[in-house]
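First, one chain by itself: the form predicted alone, in structure tokens.
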Amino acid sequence: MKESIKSALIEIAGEEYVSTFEEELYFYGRDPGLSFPSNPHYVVLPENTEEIQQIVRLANKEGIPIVPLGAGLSLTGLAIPRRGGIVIDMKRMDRILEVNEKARFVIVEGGTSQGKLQAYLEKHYPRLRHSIPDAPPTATIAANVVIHGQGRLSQQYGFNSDLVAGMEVVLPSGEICKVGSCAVSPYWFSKGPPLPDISGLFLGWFGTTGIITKLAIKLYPRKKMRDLEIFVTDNENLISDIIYEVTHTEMVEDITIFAQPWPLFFKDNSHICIYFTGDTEEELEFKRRVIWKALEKFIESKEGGFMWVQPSMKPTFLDMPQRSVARFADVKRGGGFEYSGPILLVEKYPECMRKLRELSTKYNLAYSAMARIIDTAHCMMFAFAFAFNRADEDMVERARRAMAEVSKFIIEVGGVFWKPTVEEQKLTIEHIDSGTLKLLKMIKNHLDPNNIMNPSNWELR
């Protein structure tokens, strides 16, 4: 049977783009995080929507699991083929199909990377930009919206999935569904309104309800200049008050917070990175003055102050994506790194920091914290991050136990898991409203009755 499936996939995509070699399957069976590996039986790289349709129909006919793959960078095992089957690697489908400059949207194929779109806009549309996540440039746009990722515009506009302007999706049946204005219009300017918004049938589902083959996202003005100020406080209980005052100015593009024990001058401090943009030095200076004025009371009470950022250090902070975020993976020999990044209220920041330090001490692990403010402080993402040596089995196990405690803590403080592991998905299902769970089961069972789409994720049967 294995050879017949391989032959069918070759007929669809071509021999060069199908593999069953163990050494290649190995790399598709794991990610950089703590999840246990599991190799697929086949890997296929389709070139277009029609080939994906044929692959899905084949999988349905033969009862074979399918796992759609962007760059496989989620850390939480979302694209590990736990039941084998076919990994559909989207990297060949990476064309930028259309940019509407005046309406500010772009249409891309489902395998287009963040880096490719960023470079394309910088070259051809230098006055436009998209919300870039702090992930390697190979991360794909479609995968980021499917996990409700955040980017450099999330403080102003929300999750990157909120910025979707339309989708083409191959359903588990092999049929094509268009989502948003593109379903009735040649223009991809809205994912829903004024039509019923059905994008939620696919966003957040991790490829268990369909495969995005085309995607439109909103673009935004790119200012000529960008700068930051870093406000430092050792009083974690004031973080939500500080964030409230900064966001109330409506002058800020992005706000992130980092805390870590090393180097020692960072210890016990929270560093609030406040980013702002302008087309002139005068505009930048005006925004800077407004931000300083908003935080004046914290400076006068000696509860915090602005840190001078050396000119040589500014490029590191102004990187998009910020490459220094990923460097935490190299703290320990072996390059192990994982984080849980729940979405919760900004006022929960002190509790999160206390828990992170407690677990770091309990399990003897290096830690780092990073938070991103979302939608004018409506909520935040707080990353509980631990580094470990992959070659040290004891350290890996300690990291797993620490992450398990983080998961329980998130539920206790009223957080919601972001890009949850399978274990965190199960915790969500245990605690979710019964009516909501019933509706989710109806959606999943109707769209994917044969349960072939990325099984083990959102197991609702």
Partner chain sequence: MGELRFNENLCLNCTTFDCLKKCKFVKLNGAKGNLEMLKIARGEDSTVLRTCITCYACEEYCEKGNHPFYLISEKREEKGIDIVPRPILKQWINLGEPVGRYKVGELREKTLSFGFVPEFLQWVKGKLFEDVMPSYVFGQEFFCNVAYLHFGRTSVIKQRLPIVMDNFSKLGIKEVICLHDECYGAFTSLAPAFGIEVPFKPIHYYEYILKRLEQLKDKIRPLNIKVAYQRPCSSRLSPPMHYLAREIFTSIGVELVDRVYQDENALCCGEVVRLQGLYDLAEELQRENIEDIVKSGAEYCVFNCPYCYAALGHKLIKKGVKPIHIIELCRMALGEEV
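Numbering follows the first chain given and starts at 1. Fair warning: this is a prediction, and the values are worked out from it, not measured in the lab.
The same protein also has a form predicted in complex with the partner chain, omitted here; what follows describes it.
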| property | result |
| --- | --- |
| 104, 390, 148, 288 - the one with a heavy atom within 4.5 Å of the partner chain in the predicted bound form | 288 |
| Interface residue in the predicted bound form among 307, 97, 184, 119, criterion: non-hydrogen atom within 4.5 angstroms of the partner chain | 307 |
| Site test, 262, 268 and 311 vs the partner chain in the predicted bound form, non-hydrogen atom cutoff 4.5 Å | yes |
| Residue 245 within 4.5 Å of the partner chain in the predicted bound form, heavy atoms | no |
| Contact flag, residue 303 vs the partner chain in the predicted bound form, heavy atom cut 4.5 Å | yes |
| Residue 319: touches the partner chain in the predicted bound form, heavy atom cutoff 4.5 angstroms | no |
| Touches the partner chain in the predicted bound form: residue 224 (any heavy atom, 4.5 Å) | no |
| Which of 122-130, 355-363, 377-385, 233-241 sits within 4.5 Å of the partner chain in the predicted bound form, heavy atom basis | 233-241 |
